[in-house]
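Shown next as structure tokens: one chain only, the form predicted on its own.
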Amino acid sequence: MLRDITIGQHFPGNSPVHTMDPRVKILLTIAYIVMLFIGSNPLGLAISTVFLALLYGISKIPLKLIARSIKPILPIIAFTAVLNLFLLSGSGEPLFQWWIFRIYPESIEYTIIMAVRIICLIAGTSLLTYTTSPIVLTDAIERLLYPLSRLHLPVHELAMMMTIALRFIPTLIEETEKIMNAQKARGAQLDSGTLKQRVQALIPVLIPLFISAFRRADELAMAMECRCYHGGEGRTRLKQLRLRASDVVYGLICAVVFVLIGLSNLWFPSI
């Protein structure tokens, strides 16, 4: 299960999605998330899903990888689907009724829309990290947050912390899997027993994991100090971010799609 978590991983490529300006990709990702909630109707979500599938096809991200990124959230989707299916009421007669549980056509439609929305949300945000390296992502976040530096906010430090946290997610997942395998080899029962026993069995995993995380953080801080790292003041970059004509064209195409998603509310009411 831990190997299925792909958050923070970067997969190099030369597709138009990979070479797009990272600032534009961040803004488009935020706009896509907003439109998922604005166009909360069958047509809007259909456009959002097809558009996201086209982006994945253009970026040449394997379908197996997309399935791996969605697999860890399937229990959450199933849990929310059950709650929405049985707790939401409708205006007409229920399709199914047993004891206090009733299933209405509106609850089925809302459940499907909610599940598709969560999947598109995870897949859409994952596409950003799949096609953008952590270093470039740091520069893009810092440039977007630059106006806040006039308010004396540590913009560079904030961008660096967010990117380091995102970068170390795969490392911590790999470390967790190694610790769990080591504990299983010593006879730890991590996959059996009652819920209380499983929680107690995780303690020998969490303690080494926290120690390893703090050790890695200390080593990273020491390495940055040894290289005379002093934040963003006076810092130069090997690659400068420049907005190209292709970025504007891609952004306008995405804006047209987002407008279509918003206009879908004229034909279908949002749920």
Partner chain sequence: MSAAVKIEHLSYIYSEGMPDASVALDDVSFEIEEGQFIGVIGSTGCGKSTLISHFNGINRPTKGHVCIDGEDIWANPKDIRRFRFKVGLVFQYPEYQLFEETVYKDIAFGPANMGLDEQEIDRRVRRAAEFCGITQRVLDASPFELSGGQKRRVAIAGVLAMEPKILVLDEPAAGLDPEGRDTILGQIKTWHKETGTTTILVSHSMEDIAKYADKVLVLNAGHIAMYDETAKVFARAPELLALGLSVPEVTKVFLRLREMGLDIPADVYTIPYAVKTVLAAKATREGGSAC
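Numbering follows the first chain given and starts at 1. Bear in mind the structure is a predicted one, so any value in this text is a computation, not a measurement. Basically, rigid core = biggest C-alpha set you can superpose within 1.5 Å across the two forms.
What follows is about the form predicted together with its partner chain, which we do not show.
> Counting non-hydrogen atoms within 4.5 angstroms of its partner chain in the predicted complex, say which of Ala78, Ala185, Leu195, Leu87 makes the cut.
Selected residue: Ala185.
> Using a 4.5 Å heavy atom cut-off, which residue among His230, Arg215, Lys239, Arg242 comes into contact with its partner chain in the predicted complex?
After the contact test, the surviving option is Arg215.
> Should Asn181 be counted as a contact of its partner chain in the predicted complex, where contact means heavy atoms within 4.5 Å?
Yes, contact at 4.5 Å.
> Can you check whether Pro42 is within 4.5 Å of its partner chain in the predicted complex, heavy atom basis?
Because no heavy atom of Pro42 falls inside 4.5 Å of its partner chain in the predicted complex, the answer is no.
> Taking its partner chain as it sits in the predicted complex, is Leu65 in contact with it (heavy atom to heavy atom, 4.5 Å or less)?
Output for Leu65 is yes: heavy atoms within 4.5 Å of its partner chain.
> Contact between Pro208 and its partner chain in the predicted complex at 4.5 Å, heavy atoms?
Looking in the predicted complex, residue contacts with its partner chain include Pro208, since a heavy atom lies within 4.5 Å.
> Have a look at 221-229, 200-208, 50-58, 23-31 and name the one stretch with heavy atoms inside 4.5 Å of its partner chain in the predicted complex.
Checking each option against the 4.5 Å cut-off leaves 200-208.
> Is it true that Leu202 shifts between the shown form and the other one by 2 Å or more at the Cα, once the core is aligned?
Yes, its C-alpha moves 2 Å or more.
> Align both forms on the core first, then report whether Arg143 has a C-alpha shift of 2 Å or more between the shown form and the other one.
No; that C-alpha moves by less than 2 Å between the shown form and the other one.
> Following rigid core alignment, is the displacement of the Glu109 C-alpha between the shown form and the other one equal to or greater than 2 angstroms?
Stays below the 2 Å threshold, so no.
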